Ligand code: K2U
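Before any questions on binding or motion, here is one chain by itself as structure tokens, the form predicted on its own.
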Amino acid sequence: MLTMKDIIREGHETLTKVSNEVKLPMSREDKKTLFSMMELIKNSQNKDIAEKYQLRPGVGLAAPQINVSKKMIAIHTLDENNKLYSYMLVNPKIISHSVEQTFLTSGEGCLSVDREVPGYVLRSKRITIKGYELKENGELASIKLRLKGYVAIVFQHEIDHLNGILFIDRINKENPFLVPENANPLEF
């Protein structure tokens, strides 16, 4: 079982590298890694398990965060309408995005960043992702997702990890709370 001790923190070189594509068909080891990532996210949202193992709550995890430089992400979160988005994705790519931007008024957090970082992280309001989904039964299927709002932000945050980008890299250094004209705030 993965815990916070398995998560590398900002400053670690793996978090600044572009991850490698996962070779398909997936190896047993890669599948096991991705299942473990999802288990950590779900455990972090379970009050009793999180308390027992001192897990910080999270909604997503990218393989580079556990020092595995491969394009795999696990996301388990609800959107604004309480719809569950639970995906284990392999080689996800954003294939299109809106010009319109959004940001969380509360800012973003990350299991690899142990400090509060004030500022807005501008993201595309709508994105389309292509990749492969690892199902619970171990099968892999191609997938295309159209996402908006909060879940679009979550997916962009995790895909950034695959490209060596942390959310803190996206905050305007001179003016952390600058809001461009085409950006709409999102409270969540």
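Remember, predicted model here, so these are calculated numbers, not experimental data. Numbering starts at 1 and runs along the sequence shown.
Below, we refer to the form predicted in complex with the named molecule, which is not included among the displayed structures.
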property	result
In the model of the complex, segment of 22-30, 140-148, 127-135, 55-63 with a heavy atom within 4.5 Å of the named molecule	55-63
4.5 Å heavy atom contact, residue 160 and the named molecule in the model of the complex	no
Exercise: residue 111 in contact with the named molecule in the model of the complex, heavy atom 4.5 Å	yes
Residue 153 within 4.5 Å of the named molecule in the model of the complex, heavy atoms	yes
Non-hydrogen atom contact residue 104 with the named molecule in the model of the complex at 4.5 angstroms	yes
